[in-house]
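In the block that follows, a single chain appears as structure tokens, in the form predicted alone.
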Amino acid sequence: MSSSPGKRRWLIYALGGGAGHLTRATGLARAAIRSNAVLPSGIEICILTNSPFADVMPISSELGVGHEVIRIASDQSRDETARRVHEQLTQREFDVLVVDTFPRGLGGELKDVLPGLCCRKVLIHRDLNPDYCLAFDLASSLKEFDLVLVPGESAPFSSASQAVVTEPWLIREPKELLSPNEARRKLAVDSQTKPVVVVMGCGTLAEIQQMQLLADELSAQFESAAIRFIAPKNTATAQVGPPSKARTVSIWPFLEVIRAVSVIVGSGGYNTVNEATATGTHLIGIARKRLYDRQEKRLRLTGKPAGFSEVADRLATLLNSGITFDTGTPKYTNGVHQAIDLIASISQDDFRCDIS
């Protein structure tokens, strides 16, 4: 990534197996790029990811010209991934390194690299399994970071001296959401009166396939609703073929069309839960087992997690209650702006690199 004189350079580490880290990183990046008042000299951003969905999510178009996405193949070995990460971090010049979720890296590869980097270091610290934190002594890893940003949910080290809690981070502002009619067109829903139910195809490829089958079952059972299966391109449909009744639509970011949606059926991932909460959209949340993330805890903050056998009953209750698909433009505060202000403030401080 070539740099222009005077511009701040941020490298965002967004490694992880799903799309959540990459979505959060993109939300931060696109808002920072547009934040000329905060960063008057401009900014160049590079996102480093190994998400298997990186090639089918239009990240580059979200960021625009002059920014970069480096994709490490998701099927690389742990050692090869570590080598690629080390290469990118040591051979590039940047002012700020932003690390999403894993202070020592996804596979521990940042532990030996961070002390030698002459830049400001920021950790995005969302909820993590405390057993994982203890087993790998993550508390000691925090000392490498100048700033710890807690994006809207409780986290193990939110009381750290350099920690600041913000509102949840979202990839779209309220004014950027499509109107209900525009969103229905993008969701391929002709009716203006049918409730729209979206089944989110996210997580591993096996989980995407499972949600695709669920969408098919719900479509057969609820003919009065428009059931839509939302999945990245070339994932679910390439694996098992489109559902017989539930139409598959490839939309990312999903938040853009949420004003047309009456009910979301999805996981308890960070983005799904916070997007539903911010916009007041009904969520039937299925807690997925994760090594690091505690989806059941996140869902219990917004309601009781559902099992697959409960989804149809809960959906029937919601649809029978006469829910509407839009109650006006949502009003929410996007925490990325506070995060950008905080990162910009530490990156503009006088900073002398002292590596012994």
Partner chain sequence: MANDWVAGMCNEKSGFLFSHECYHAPSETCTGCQKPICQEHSHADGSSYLCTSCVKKQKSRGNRTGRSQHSRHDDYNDPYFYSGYYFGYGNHSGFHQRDHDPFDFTEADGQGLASDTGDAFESDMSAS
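Numbering follows the first chain given and starts at 1. This one's a predicted model, so the numbers in the text were calculated from it and none came from an experiment.
A second form of this protein, the form predicted in complex with the partner chain, is not displayed here; the remarks below concern that form.
Look at the stretches 26-34, 290-298, 41-49, 57-65 and give the one with heavy atoms within 4.5 Å of the partner chain in the predicted complex. Every other range fails; the passing one is 290-298.
Which one, A225, L213, A155, I251, lies within 4.5 Å of the partner chain in the predicted complex by heavy atoms? Partner contact (heavy atom, 4.5 Å) among the options: L213.
Exactly one of D131, E176, E93, E182 has a non-hydrogen atom within 4.5 Å of the partner chain in the predicted complex; which residue is it? Of the candidates D131, E176, E93, E182, D131 is the one lying within 4.5 Å of the partner chain in the predicted complex.
Triplet P115, V273 and T279 all within 4.5 Å of the partner chain in the predicted complex via a heavy atom: Checked in the predicted complex: no contact with the partner chain for any of the three.
Is P305 a contact residue for the partner chain in the predicted complex, using a 4.5 Å heavy atom cut-off? So P305 counts as contacting the partner chain.
Under a 4.5 Å heavy atom criterion, is G335 part of the interface with the partner chain in the predicted complex? It does not: once the partner chain is placed as it appears in the predicted complex, G335 has no heavy atom within 4.5 Å of it.
Since only the chain is shown here, I'm wondering whether S309 would be in contact with the partner chain in the predicted complex (any heavy atom pair within 4.5 Å). Contact with the partner chain, yes.
In the predicted complex, does I284 have a heavy atom within 4.5 Å of the partner chain? I284: no contact with the partner chain in the predicted complex.
In sequence order, which positions of 197-227 have a non-hydrogen atom within 4.5 Å of the partner chain in the predicted complex? Residues within 4.5 Å: A206, E207, Q209, Q210, L213, L214, E217, L218, Q221.
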